[in-house]
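One chain is shown next in structure tokens, namely the form predicted on its own.
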């Protein structure tokens, strides 16, 4: 026990000393995503400024940010956050408002706000990436006609086998209504009615006896690879990353995908405020957003970054054309659902409770 305690203290000491020795601490999600951030603009920013970055991983949420701000002991400068968290955090004063005049315009003079595919939720946010929930399967799983729509994901008669589904309500309810024929622009107005929610859960009931639930991002790839399920929902970056980096033969179903936003925020009371402001300006620039696509198949939120990628294809670091793996490219946006984080903030608790009950039935 004493040895374990001393080891834990040593790890904490190394982490703390790493943060103190650096000029900036950036907190993100780890894995291939953080690696893409480090490659795309972490290392270039360090080279340009002569400053160093300490990267930390976390599991999301505002708990640690809130604790640091309220205690006055802020050690994180920048945090990569989900859309609901940048909204809540800005409202609570956990993140600062970022001056517009530091943000990098496009080559033809458009402001960052004019260049975004969706509006910034507030001035605390600068853009990172689009990612999506999508359905996928292993090439060769099905004979004859291949599944390519969200309707096919819910059709266990035509495409037999188990279905991998995540353990929270976001995205799966939108997908269920879309597969049931609701136009994407009507999904949220439908879902907020009792009849609409009933319709979504009735659609889920059509696959209930075939569902295998997952909660960790790597799990759906394991389920599909092993044959435990014939199709699964997953994060598009996991699916594309496996194909691009590991040589797997997963087939993405882009129809009915649900696109989600990702943002950076600067923590109130950041001990390295000048460096933090300089970094977020650099990391949200069109060039940096395009560079991130050399390392991961999440889509940039700035339209001009997509133009840079398109003009430079093949773009991925292995020489592969990355655009066909991008969730927000023009060819797939017509059949894609853009998630509404404000709607989920207002309506999500009740639906999540109902979904948890449905899982246990």
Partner chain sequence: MSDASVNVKKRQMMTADGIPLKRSLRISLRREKLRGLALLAVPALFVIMLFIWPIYTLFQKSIDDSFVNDVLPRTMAIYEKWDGEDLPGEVHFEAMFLDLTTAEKLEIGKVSTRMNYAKSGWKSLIKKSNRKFKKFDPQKALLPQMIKADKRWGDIEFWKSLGIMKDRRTAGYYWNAVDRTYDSKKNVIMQPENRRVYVMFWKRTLLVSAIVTVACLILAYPVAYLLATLPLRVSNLLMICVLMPFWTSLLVRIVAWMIMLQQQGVLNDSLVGLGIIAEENRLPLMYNFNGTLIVMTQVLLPFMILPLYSVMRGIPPTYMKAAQNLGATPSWAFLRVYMPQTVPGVGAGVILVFIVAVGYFITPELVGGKDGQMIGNQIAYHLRKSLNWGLASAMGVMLLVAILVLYWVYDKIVGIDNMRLG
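Numbering follows the first chain given and starts at 1. Fair warning: this is a prediction, and the values are worked out from it, not measured in the lab.
Missing here is the form predicted in complex with its partner chain; even so, the following discussion is about that form.
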Revision key, fill the gap. Only one of 86 to 94, 241 to 249, 141 to 149, 278 to 286 sits within 4.5 Å of its partner chain in the predicted complex by heavy atom distance, namely 86 to 94
Point to revise | 4.5 Å heavy atom contact, residue 208 to its partner chain in the predicted complex | key: yes
Review point. Does residue 222 reach its partner chain in the predicted complex, with heavy atoms at most 4.5 Å apart?
Key: yes
Review point. Is residue 181 close enough to its partner chain in the predicted complex to count, meaning some heavy atom within 4.5 Å?
Key: no
Exercise for review: Indicate whether its partner chain has at least one heavy atom within 4.5 Å of a heavy atom of residue 64 in the predicted complex.
Suggested key: yes
Review point. Though its partner chain is not shown, can you say which of 160, 109, 72, 227 has a heavy atom within 4.5 Å of it in the predicted complex?
Key: 227
Check your understanding: Quick one: of 194, 185, 274, 100, which gets a non-hydrogen atom within 4.5 angstroms of its partner chain in the predicted complex?
Key -> 194
Review point. Would its partner chain in the predicted complex be within 4.5 angstroms of a non-hydrogen atom of every residue among 330, 333 and 336?
Key: no
Exercise for review: Just give me the residues of 335 to 349, first to last, that have a heavy atom within 4.5 Å of its partner chain in the predicted complex.
Suggested key: 342, 345, 346, 347, 349
